[in-house]
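One chain is shown next in structure tokens, namely the form predicted on its own.
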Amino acid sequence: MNVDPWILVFSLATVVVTLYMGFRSAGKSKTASDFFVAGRSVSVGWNSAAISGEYLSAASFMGIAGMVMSSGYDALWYPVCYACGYLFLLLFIAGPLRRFGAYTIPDFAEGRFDSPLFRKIAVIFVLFIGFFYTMPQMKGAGTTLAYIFPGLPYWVGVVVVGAVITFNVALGGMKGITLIQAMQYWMKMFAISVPIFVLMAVYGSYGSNLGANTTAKEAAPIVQTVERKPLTEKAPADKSWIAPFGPLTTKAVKNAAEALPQEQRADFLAKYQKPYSLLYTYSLIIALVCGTAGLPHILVRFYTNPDGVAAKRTTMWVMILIGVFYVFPPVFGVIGRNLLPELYAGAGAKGTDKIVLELPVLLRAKYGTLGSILSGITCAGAFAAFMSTFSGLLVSMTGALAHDVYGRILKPNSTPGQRLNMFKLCAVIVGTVAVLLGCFVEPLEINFMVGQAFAIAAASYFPLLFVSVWWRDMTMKGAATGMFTGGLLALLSAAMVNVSTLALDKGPMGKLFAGFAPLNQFWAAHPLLRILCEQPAIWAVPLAIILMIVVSKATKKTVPADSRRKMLVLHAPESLGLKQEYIQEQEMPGIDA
């Protein structure tokens, strides 16, 4: 096993620093409030860096670069819509959500409608979204460790990283990971920016490398100076790569066409490719923008701010921080297409998803150790990416189980000490399940899975929060019907496409999911249904909102009696003194073990 010592050193340093800060923070986490909402004392600066660190996942650090390389301009919808989602949060959700005062989103769901039943439904979707979103993080972990240790099985990386993060979360809860995630944001920014500046200084600017993908007629003179290797057979052609509807949004239609007889394919593509690709693009935009405003592990962080004003300021700074970060991954993808086209031939952990890790290594041939150091820095950034997001997801899901299921449903009279012990136990259980799920998804693309997780969040939590924050006549039955129907249908649709894709894998996953192979014949006969199932936000989000409105109108007699007062609490300025804390446990002194 040939391991680059510099890559190993930087990667180990990231893990050691993370563990050290976890131990250090564990000593400061004493109360239930510390574990669930970091004592509601996190400043705007720390919280904006921590939210950015948590949000910039393996999909942001590795997946976007890999998707730009494999799919071209199409993939730019991801970073643009990721950032736009925070505008929705800033304008409509962050401030009111914090003013309500709670520990978790299920707390808000029960408090807004006075319904313990609705808390149970909300907990289910925290777990659905959380587990769906942990899978791409685990894919990033397995890919990175397989790169650092050539020959190491993918699943070993998943298990090792999952164990480290689970241990850290169990130690310090929300308060423990806030400092870690804030530090990891700046680590990721350093790791993504420094190598790209060096690469552009050596191999040409972004514009020069992008220009190399134009046709000879369109090429500018400067393109002639850019080094470019011949594209492999599996690489998309230049014309397709820079087209508005490139390989990403046309993939579903092409997959369907390939299952048709040869003589029917050309007519099928001519008739359906453009409208279906446009439909896929719109659905993806809705999923990413609305999904950002509906991710439980991001939303719960606004409860760590002292008040609603701080929550809004935090959101504004998060938009700036992640906006600056997203400038860099597409540059990796563009340069990677010119310098490492052989990655197009790989799949899974050996494909374009590892372009961020591979590109700095090219500098080793020209500058020796510098290439290894830069590659080590990017590996450290990759570790920080999937570790920070997985930490946030683990805290969110663990909080839902320990606080909502155990503390509010199963044993409401439990002491804070018992809930803390349950938090640690649930962290281990959730971490173990997430690792097991992560072992199955090596054949799937990181950003592909992230887009589907966002679609589920967009069809479940986003309608709940947006409508219940701004419409006082919403009833519990209306909210539950819309959220449950939209979210569940989006989940089932995405899962059907994923298992049918896994059935086509030539490795062990193909054998495991072979029973779902006939689904691919169904997709071939119904390409429109495949697109609507692969990216379901375009129909699931409106369906959820319409159901909420229609059922609420039909059950208007059950509108909570104090609905007007709650709406006033959600929207009135804090200076009026109306703000309340729905959960008061943070005021309890110490741990009652």
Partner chain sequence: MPDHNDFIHSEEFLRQLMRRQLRLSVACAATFGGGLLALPLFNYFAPDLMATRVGGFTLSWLILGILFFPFVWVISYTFIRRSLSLEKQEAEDALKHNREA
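Numbering follows the first chain given and starts at 1. Note that the structure is a prediction, hence the values are computed from the model and not measured.
Below, we turn to the form predicted in complex with the partner chain, even though it does not appear here.
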{"query": "Partner-facing stretch of 363 to 371, 84 to 92, 483 to 491, 422 to 430, counted where any non-hydrogen atom is within 4.5 angstroms of the partner chain in the model of the complex", "finding": "84 to 92"}
{"query": "Contact residue in the model of the complex, chosen from Leu528, Leu568, Ala524, Val550 - any heavy atom within 4.5 Å of the partner chain", "finding": "Leu568"}
{"query": "Option touching the partner chain, based on a heavy atom within 4.5 Å in the model of the complex, out of Ile285, Leu437, Val164, Leu502", "finding": "Ile285"}
{"query": "4.5 Å heavy atom contact, Arg313 and the partner chain in the model of the complex", "finding": "yes"}
{"query": "Partner contact for Leu12 in the model of the complex: the partner chain, 4.5 angstroms, heavy atom", "finding": "no"}
{"query": "Contact label in the model of the complex: Arg99 to the partner chain, heavy atom within 4.5 Å", "finding": "yes"}
{"query": "Leu127: touches the partner chain in the model of the complex, heavy atom cutoff 4.5 angstroms", "finding": "no"}
{"query": "Non-hydrogen atom within 4.5 Å of the partner chain in the model of the complex for each of Gly207, Gly211 and Arg564", "finding": "yes"}
{"query": "Sequence-ordered list of residues in 373 to 394 near the partner chain in the model of the complex, where near means a heavy atom within 4.5 Å", "finding": "none"}
